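A single chain, nothing else alongside it, follows as structure tokens in the form predicted on its own.
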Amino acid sequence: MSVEKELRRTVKDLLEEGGIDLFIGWERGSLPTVASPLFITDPVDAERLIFDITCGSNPAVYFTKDRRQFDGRRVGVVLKGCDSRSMVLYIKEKQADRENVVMVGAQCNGVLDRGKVASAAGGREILELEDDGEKTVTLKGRDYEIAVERDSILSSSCLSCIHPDALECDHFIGEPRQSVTREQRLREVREFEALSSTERWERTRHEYEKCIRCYACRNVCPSCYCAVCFVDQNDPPWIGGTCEFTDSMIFHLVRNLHVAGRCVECGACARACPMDIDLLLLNRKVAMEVLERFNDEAGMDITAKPAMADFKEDEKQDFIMG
């Protein structure tokens, strides 16, 4: 049975048997490359569910950014590996009640990067997309049909993902891939660290000078759920609201620190950025620091305290002590 069919059957059974009141998943979108979020309460609507390369958004965000519809309801949600880590984070940070969440993990083979897809199609309109789930994706449009290597259009976060499975779930759909080795995960970070201070500054400037302060990265990030973001504080204002480089740099650096020990590397921020800023690089730099100093990866252990909310006497403190 395909992942999609098994998912539909599982969700239909959960709704019919009263195991959940609401389910969050994806359905076909208005564009063939982008799935749309789907909220269902009727078992019949389970037939609309899909799970494929187009399901790129992190559905965990709805638990913190649209809380009203969850009051008093038991909610099911389909999760990729990175999505499940966000849910674990929410449970540890008291943003979701584990007893009221039914996690349905699904076999994830990566999600596409729409910029890469558009480039592969030569800028032509894509009317249909077919994915074999393994090696090839076929793009179809008016008067053309091309087959492209699957890895060539996957999100960079997926190409370096080492935890593709939902590590915390009540049901699992498909075949688990287990943790995988991805040497390139930290390669860019190591290369960045190897640069001189001047070169690192220029690399940082190159990225953040592109920012137009649209806040798409913040809005799709599952770890950004403050009721009032620091950039929106106006009494007094914390930072300037212009697109001048220093204002943009401060926004991104402070956001990097706010998601330290909390970024699950889902890549949603980079995929949402209209200016193609390499947001994952510095997020991973901070994630690596947390791993090396505190031996912690975000969302991996539902019983452990978040790294930034815990203290152990044997932690490295050279950054404090000098």
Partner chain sequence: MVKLKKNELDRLICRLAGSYDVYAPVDIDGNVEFARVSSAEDMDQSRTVTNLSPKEIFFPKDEVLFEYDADGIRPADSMDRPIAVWGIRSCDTKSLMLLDKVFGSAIQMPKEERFQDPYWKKRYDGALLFGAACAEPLSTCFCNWFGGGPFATEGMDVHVTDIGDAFLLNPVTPRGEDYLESLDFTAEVSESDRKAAAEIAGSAEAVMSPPVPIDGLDQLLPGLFLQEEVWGEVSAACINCGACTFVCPTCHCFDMQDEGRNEKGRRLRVWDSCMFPIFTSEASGHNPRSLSRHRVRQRVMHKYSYYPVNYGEYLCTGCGRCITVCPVNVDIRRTLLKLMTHDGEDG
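Just so it is clear, the structure is predicted and the values come from calculations on it, not from any experiment. Positions refer to the first chain, counted from 1.
There is another form of the same protein, the form predicted in complex with its partner chain; it is not shown, and what comes next is about it.
Heavy atoms of Ala272 reach within 4.5 Å of its partner chain in the predicted bound form, making it an interface residue. Although the partner is absent here, Leu127 sits close enough that one of its heavy atoms falls within 4.5 Å of its partner chain in the predicted bound form. Residue contact check for Val34: one or more of its heavy atoms lie within 4.5 Å of its partner chain in the predicted bound form. Shown alone here, Gln178 lies farther than 4.5 Å from its partner chain in the predicted bound form, counting heavy atoms only. Checking Arg200, His206, Arg190, Arg73 for any heavy atom within 4.5 Å of its partner chain in the predicted bound form turns up a single hit: His206. Of the residues given (Leu195, Ile162, Ile146, Cys243), Cys243 alone sits with a heavy atom within 4.5 Å of its partner chain in the predicted bound form.
Remark: of stretches 292-300, 56-64, 279-287, 250-258, the one touching its partner chain in the predicted bound form is 56-64 (heavy atom within 4.5 Å).
Along 194-217, these residues reach a heavy atom to within 4.5 Å of its partner chain in the predicted bound form: His206, Lys210, Ile212, Arg213, Cys214, Tyr215, Ala216. CA of Arg68 to CA of Thr64: closer by 3 Å or more in the predicted bound form than in the shown form.
Relative to this conformation, an increase of 3 Å or more in the Cα-Cα distance between Arg8 and Asp66 is found in the predicted bound form.
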